[in-house]
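Shown below, as structure tokens, is a lone chain in the form predicted on its own; questions about how it binds or moves come after it.
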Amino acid sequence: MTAVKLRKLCFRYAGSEKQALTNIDLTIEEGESVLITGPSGCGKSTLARVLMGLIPHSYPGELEGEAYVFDMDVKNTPVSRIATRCGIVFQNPDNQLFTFSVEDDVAFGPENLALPPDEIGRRVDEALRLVGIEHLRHSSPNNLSGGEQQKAAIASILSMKPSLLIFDEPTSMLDPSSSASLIERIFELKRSLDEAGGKTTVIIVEHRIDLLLKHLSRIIVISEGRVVLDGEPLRVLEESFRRGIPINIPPMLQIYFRVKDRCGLEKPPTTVRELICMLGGSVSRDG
């Protein structure tokens, strides 16, 4: 099933003369793991808001073209209904955590669906277990670390049992160690949900490509509100490097792209040590 389908999508915020998104054509199939990246201010977060229906329902402006999420027309579908299939985790978890306890935040969505109390309890228990914060159930979100708040925000989305998970700059408030841990947790969650019989689609809006690369099926690069590259991760990164598109390509891959043809390297290295060995072997053969 198609998770996302956009055709000739354009959007301009109210009061702005500049288009935030221009002629976006995009299809994402159910089960994909997709990175949306690009220079700061290019329209990445705006696109995420469209997918959740926050645009046009919560952000005024002019939306043209077509936008469907699981066959729901975002223009004419209430955000509350879209939220039963799609969940977004914002870069600042304070935007999602607003009650007096983690448990209450995680229960908030299912309660608004008017689910039976026993089903709400099951969903809260499962969501807390999946992100590993059962011990924080009764804690105030205000007393949590940045990483714990991110996990609580993810749990509040998981309790809605979405088929599409969108993460908008999830590592922006975290240190490198916490960022790596969070990314691993996100894709562990996807594997767990897929093994349970679903097909979970993950879309991450992020600039730290190095943490994500091994998990991705696809990278989409946006520049000035337009999709400029879309495809297999390594191919997209190499094309971005050749064209000088300012995204955060891992330094090791930049070296690989620069020398691979000259040195006859057939595949990218996975570690710095491997790159040194590859280059050393190349030098020996040439020497």
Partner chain sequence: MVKIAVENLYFRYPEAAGFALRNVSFRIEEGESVAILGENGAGKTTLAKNLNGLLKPTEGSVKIDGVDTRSLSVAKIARKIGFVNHNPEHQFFAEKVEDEIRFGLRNFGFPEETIDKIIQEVLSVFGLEEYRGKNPFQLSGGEKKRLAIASIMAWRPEALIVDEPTIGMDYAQKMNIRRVLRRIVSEGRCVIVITHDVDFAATICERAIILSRGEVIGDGRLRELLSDDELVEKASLRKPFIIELEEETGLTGLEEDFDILSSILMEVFQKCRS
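Think of the rigid core as the biggest set of C-alphas that the two forms share within 1.5 Å after superposition. Numbering follows the first chain given and starts at 1. Since we're looking at a predicted model, the values are computed, not measured.
The protein also exists as the form predicted together with the partner chain; that form is not presented, and the subsequent description refers to it.
- The partner is absent here, but in the model of the complex a heavy atom of Gly147, alone among Pro162, Pro141, Pro110, Gly147, sits within 4.5 Å of the partner chain.
- The contact residue chosen from Leu26, Leu229, Val34, Ile247 relative to the partner chain in the model of the complex is Ile247, the criterion being a non-hydrogen atom within 4.5 angstroms.
- Shown alone, this chain has one stretch from 256-264, 66-74, 231-239, 214-222 that lies within 4.5 Å of the partner chain in the model of the complex by heavy atoms: 256-264.
- The partner chain in the model of the complex comes within 4.5 Å of no heavy atom belonging to Gly132.
- The partner chain is not drawn, but in the model of the complex it has no heavy atom within 4.5 Å of Val79.
- Shown alone here, Ile276 lies within 4.5 Å of the partner chain in the model of the complex, counting heavy atoms only.
- Using a 4.5 angstroms threshold between heavy atoms, Ser181 stays clear of the partner chain in the model of the complex.
- Relative to the partner chain in the model of the complex, residues Gly61, Asp104 and Arg243 are all farther than 4.5 Å at every heavy atom.
- Residues Ser145, Gly147, Glu148, Glu169, Ser172, Met173, Leu174, Asp175, Pro176 are the members of 143-176 with a non-hydrogen atom no more than 4.5 angstroms from the partner chain in the model of the complex.
- Annotation: Cα of Asp194 displaced by less than 2 Å between this form and the one not shown, core superposition.
- With the core held fixed between this form and the one not shown, Gly146 has its Cα displaced by at least 2 Å.
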